[in-house]
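The data below hold one chain only, encoded as structure tokens and taken in the form predicted on its own.
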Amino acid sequence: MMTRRRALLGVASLAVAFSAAPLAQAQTIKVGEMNSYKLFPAFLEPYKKGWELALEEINKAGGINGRKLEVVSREDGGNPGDAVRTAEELLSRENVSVLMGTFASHIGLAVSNLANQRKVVFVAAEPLTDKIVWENGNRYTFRIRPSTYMQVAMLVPDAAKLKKQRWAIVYPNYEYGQSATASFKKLLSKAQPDAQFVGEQAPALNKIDAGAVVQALIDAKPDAIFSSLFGADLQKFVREGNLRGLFKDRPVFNLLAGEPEYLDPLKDETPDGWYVTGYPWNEIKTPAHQKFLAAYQAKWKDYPRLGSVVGYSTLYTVANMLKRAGGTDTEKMIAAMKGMEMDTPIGPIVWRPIDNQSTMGAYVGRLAKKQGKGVMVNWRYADGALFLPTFEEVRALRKE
């Protein structure tokens, strides 16, 4: 698989192994981490457990060339202004060498802009907006998760096969939802030129009036629905949609709904047959995932969510970058990230030099109920490298 990626992306290989030597009494390397822990606990509490496990493993294995890695974590307040102030404090007061984290797309964009201004490396963990590596991309910002474009591209082939003409769309009205919707319209129209978009609902994040939204979608009489709702908004939407028959004989495609942090609360309300991206943690049998799963459960006495994988992989990204760069020089860290290959619990990834986007993929499947719980069935792993825009398309999008 790595040989194929290397040929596809034209990058040099990387083999990063942490020394087992004891940590030297050298100055620690500080990583500044910020996130909206209070606003998005379902994802971010497991995310924090993920990077805490990674931190323990990295330092136990010798740190970064004998230097201990330290994470200085802060709440970002859930809005761009507070996030920028938090990042500034991490840089000026805590003297961190690298920034990582953020969840919401508009916050990720704000911190990315600051990183560009301050000329500091920022590894974006969760924000999914396409802009963070394309339209608003900069040389200092790197993003690990597959973007809205990538995850939509993973779902569109199944959507086009259904040959449904009339599509309704519902999304949270902020950067992530807007980006997902734009990608779906663009990619479905390309795959199915006769597709029509007959209804669009855009409730504010965490403020959905589910009854009104569901009724508006029913009134639009769509053949199928695309949704990027998640969290509490998704739960309310599903409940009202089930009660009013919105989903009866009507295919639904939903980004993220197969992630356990959002799927588990649905329980027996889980709608059957939805097409989703997610994380079937208990069915993934690869050696890398089994090793991660065992370590995570041993430390936390709990099963991982996708947030756990993201947190774990993000801090390992930072550690691998520092190891390869031989220190905290910004230019050397940027050079180290270009084409860097590394393993994650859900498969090997490459960091594309052209746009600083990793090739991490996502699991794609259908929703079903088993023993009163929502699960993903008929799932497959979609390699992110196969769902990225071409180099020519990226060059047209990036402004730098």
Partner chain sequence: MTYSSVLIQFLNGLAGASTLFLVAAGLSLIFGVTRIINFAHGSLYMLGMYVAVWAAEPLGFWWSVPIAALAVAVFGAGVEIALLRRIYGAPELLQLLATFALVLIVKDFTLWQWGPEDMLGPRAPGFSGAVEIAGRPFPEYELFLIGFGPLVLGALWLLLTRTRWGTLVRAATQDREMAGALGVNQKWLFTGVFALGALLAGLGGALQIPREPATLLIDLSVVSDAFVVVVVGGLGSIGGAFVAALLIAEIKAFCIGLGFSQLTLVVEFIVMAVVLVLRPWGLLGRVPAPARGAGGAEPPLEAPSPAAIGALLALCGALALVPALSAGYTLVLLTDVLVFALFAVSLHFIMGPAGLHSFGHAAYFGLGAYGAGLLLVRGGLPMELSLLLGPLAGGLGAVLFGWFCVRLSGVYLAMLTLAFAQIAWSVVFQWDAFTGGSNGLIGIWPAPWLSSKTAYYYVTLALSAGGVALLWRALYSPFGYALRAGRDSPLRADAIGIDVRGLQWAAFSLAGLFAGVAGALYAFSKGSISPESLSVPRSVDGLVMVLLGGIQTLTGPLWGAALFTWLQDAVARGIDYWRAVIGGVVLLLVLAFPQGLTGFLRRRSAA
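Numbering follows the first chain given and starts at 1. Predicted model only: the values in this text are computed from it and were never measured.
One more form of this protein, predicted in complex with the partner chain, exists but is not displayed; see below.
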Heavy atoms within 4.5 Å of the partner chain in the model of the complex: which of the stretches 319-327, 105-113, 275-283, 288-296 has them?
105-113
Considering non-hydrogen atoms and a 4.5 Å limit, which listed residue (212, 191, 182, 162) is close to the partner chain in the model of the complex?
212
Would 254, 344 and 361 all count as contacting the partner chain in the model of the complex, using a 4.5 Å heavy atom cut-off?
no
Heavy atoms within 4.5 Å of the partner chain in the model of the complex: does residue 131 have any?
yes
Would you classify residue 120 as touching the partner chain in the model of the complex, given a 4.5 Å non-hydrogen atom cut-off?
no
Although the partner chain is absent from this view, report whether residue 239 comes within 4.5 Å of it in the model of the complex, heavy atoms only.
yes
Residue 249: heavy atom within 4.5 Å of the partner chain in the model of the complex?
no
Checked 61-93 against the partner chain in the model of the complex; residues with a heavy atom within 4.5 Å, sequence order, are 74, 75, 78, 79, 80, 81, 82, 84, 85, 88, 89, 92, 93
